[in-house]
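Two versions of one and the same chain are coming, encoded as structure tokens; call them structure 1 and structure 2.
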Structure 1
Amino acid sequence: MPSETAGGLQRIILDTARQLLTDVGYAQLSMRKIAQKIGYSATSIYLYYSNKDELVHALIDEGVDLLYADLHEANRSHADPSLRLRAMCLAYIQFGLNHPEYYEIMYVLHPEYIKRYPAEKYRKARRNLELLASAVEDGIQMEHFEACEATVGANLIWTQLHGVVTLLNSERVDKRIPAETLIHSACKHILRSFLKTPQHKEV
């Protein structure tokens, strides 16, 4: 099989698995179902992934890398830690809304397959929280933010952003509130919870 064709098939396998995983769930996902969907034999899939855990972990890796790229770009967009943190909050939400299948696989689906997620991959995924923590720490050092444990602060930010993304993706938000209003209000609320005074900087 030519390398270009092989690469194309691997992409098809991943895209199909991502769609099936969010449609039928982890327990019902199988190599056979993926093969039937793409019109190949299950053997073709096993050339790339030895089992479905390995396949799902590859999808999580892709999602983690995509999110990191967005957060990293937002982190570089401003020298001011307040503006950096706001930009990263917006980037996180937009990632979740623009990539709902990846987001669901990463953070929403039942975690039975996460129990077998390799430790080194957890460390890689932690980079996203570390970017948030770095903005919090910089804000503390520059005396824009109240003193706190930056890692705890980053996790608190994550829980709030996760709530916004999951509620919007599941269409559980009050229809009277426009999505953009909720998104920008949530980011402002998060940022103001760190500022020494709400008037420190207009956000």
Structure 2
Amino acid sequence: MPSETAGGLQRIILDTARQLLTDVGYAQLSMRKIAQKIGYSATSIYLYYSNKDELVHALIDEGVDLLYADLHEANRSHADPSLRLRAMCLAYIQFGLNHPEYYEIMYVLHPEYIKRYPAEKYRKARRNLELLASAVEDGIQMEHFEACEATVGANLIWTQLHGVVTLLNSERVDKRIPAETLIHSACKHILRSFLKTPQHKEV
């Protein structure tokens, strides 16, 4: 009965899982729903993914790649470290707001989930942070930024961006504050906190 497209069932499962994730969100993503959508039994999925974690990890991997592409593009678009950093911050936030479901499984899901995340994929996920760290490092080298540990600086930026994305996506930010206002203020404050004083530039 099942309709064959190309590349086998594993591909079809992953495609359907992605579609279901983006359509109805992670909370509604179940093995049985995936199976029903593709006309197979739920247990068939276990022939290609040993459990739900593994399937979700494959989706997380996709999300990591998508985010990296966006960050990389932003990183390439400017030479100046400040502008690069600002562009990457905006790209990160935009990714989070544009792909809330991807963002949720990547960075919001329970600690237990992330603990089972394979070390190899974990390393790949860290490239995104290293992109931020390189901009911080360059800014320090060019003496635009106050000296600091670049990895700490990158994680600091990350926490700020992550907070903005998650609180906006979960609609916990006061609705009287426009998202754009918060986003641009966040970017401004991030740069302000790194730039050497005095800050006369308008970024």
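All residue numbers here refer to structure 1's sequence, counted from 1. Note that the coordinates shown come from a computational prediction; the quantities given were computed from them, not determined experimentally. Throughout, rigid core stands for the largest set of C-alpha atoms superposing within 1.5 Å between the two forms.
Only structure 1 of the pair represents the form predicted alone. Neither of Ile93 and Ala27 shares a rigid part with the other in the motion between the two structures, based on the superposition that better accommodates each C-alpha.
After fitting the larger rigid piece on its C-alpha atoms, the remaining smaller piece is found rotated by 38 degrees between the two structures. Core-based superposition between the two structures puts the Cα shift at Gln36 at 2.5 Å.
When the rigid core is fitted, Leu20 shows a C-alpha shift of 6.1 Å between the two structures.
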